[in-house]
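What follows is one chain in structure tokens, specifically the form predicted on its own.
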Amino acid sequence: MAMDKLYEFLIGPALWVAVIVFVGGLAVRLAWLYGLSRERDKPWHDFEDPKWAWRSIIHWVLPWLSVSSRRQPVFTGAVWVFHILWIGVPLFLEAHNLLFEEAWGWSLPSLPAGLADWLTLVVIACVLFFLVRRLTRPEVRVLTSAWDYFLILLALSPFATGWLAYHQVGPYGLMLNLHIFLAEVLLVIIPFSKLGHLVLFFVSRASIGYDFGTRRGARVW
């Protein structure tokens, strides 16, 4: 009974708070960074150019288009697959879409359960690869703090607990509530951490693109 009440709380008020903090936090951070740049580097905005911005974004979003990504083909492939699945699997998971339908009366197309199960394992494998890489490559390890490892594990946690709950490994009610709780903690932390690159990546790539392209005629990919 306690697990049922906790579940109702987590998919009710707690979920709304997490979504509001996630969306509002990202909006506030974007607005603050934009205002800061207008205040401290106003002339830089004179060089804004959508053409260079989009070229930069496209060359860094799609795999192996930039020189840097081609120098690390395996890592680039893992990063690309991870980000696609990290966003796509939760959105198109059948169980999540049933909740969307129940809450809002609409849902997205759903992945077959078996395929979603395998794609979840791919996400977990990618995260393990990132962790091993950070631990074994000195040039990456020196830049990694304990907080960075925490963020990586936090990004993994909803997938790991969701997979365990789906396969009923351990107490199902506890694992399901843990899955929802960790996903909500993740949503709350994203806007205020490096995980904010979920959105800020596009801003930074666009600004670097037209900074180098418009002012110097140089590519940054």
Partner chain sequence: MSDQSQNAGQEATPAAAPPAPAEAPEAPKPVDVGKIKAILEANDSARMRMWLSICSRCGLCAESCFFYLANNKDPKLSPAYKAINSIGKLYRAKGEVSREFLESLEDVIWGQCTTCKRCSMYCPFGIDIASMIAVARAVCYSQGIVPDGLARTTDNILRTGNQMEMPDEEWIETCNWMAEEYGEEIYGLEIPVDKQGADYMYTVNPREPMYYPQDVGMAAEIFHLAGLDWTVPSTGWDATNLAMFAGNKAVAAIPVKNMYDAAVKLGVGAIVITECGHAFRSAKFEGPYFLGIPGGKPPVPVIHSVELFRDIMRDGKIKLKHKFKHKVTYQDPCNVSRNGGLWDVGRELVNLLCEDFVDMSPNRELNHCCGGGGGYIPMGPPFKKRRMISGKVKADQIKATGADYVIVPCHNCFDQINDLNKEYELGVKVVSFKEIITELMVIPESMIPPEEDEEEALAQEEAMEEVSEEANKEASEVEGN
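These numbers come from a predicted model, not from an experiment. Numbering follows the first chain given and starts at 1.
Omitted here: the form predicted in complex with its partner chain. The next part is about that form.
- At the 4.5 Å threshold, heavy atoms of residue 64 stay clear of its partner chain in the predicted complex, well away from it.
- A residue is said to contact a partner when one of its heavy atoms sits within 4.5 Å of a partner heavy atom; residue 36 meets this definition for its partner chain in the predicted complex.
- None of the heavy atoms of residue 167 is located within 4.5 Å of its partner chain in the predicted complex.
- Its partner chain in the predicted complex comes within 4.5 Å of no heavy atom belonging to residue 163.
- Using a 4.5 Å heavy atom cutoff, 207, 217 and 221 all lie near its partner chain in the predicted complex.
- Annotation for 23-45: interface residues with its partner chain in the predicted complex are 29, 32, 33, 36, 37, 40, 41, 42, 43, 44 [heavy atom within 4.5 Å].
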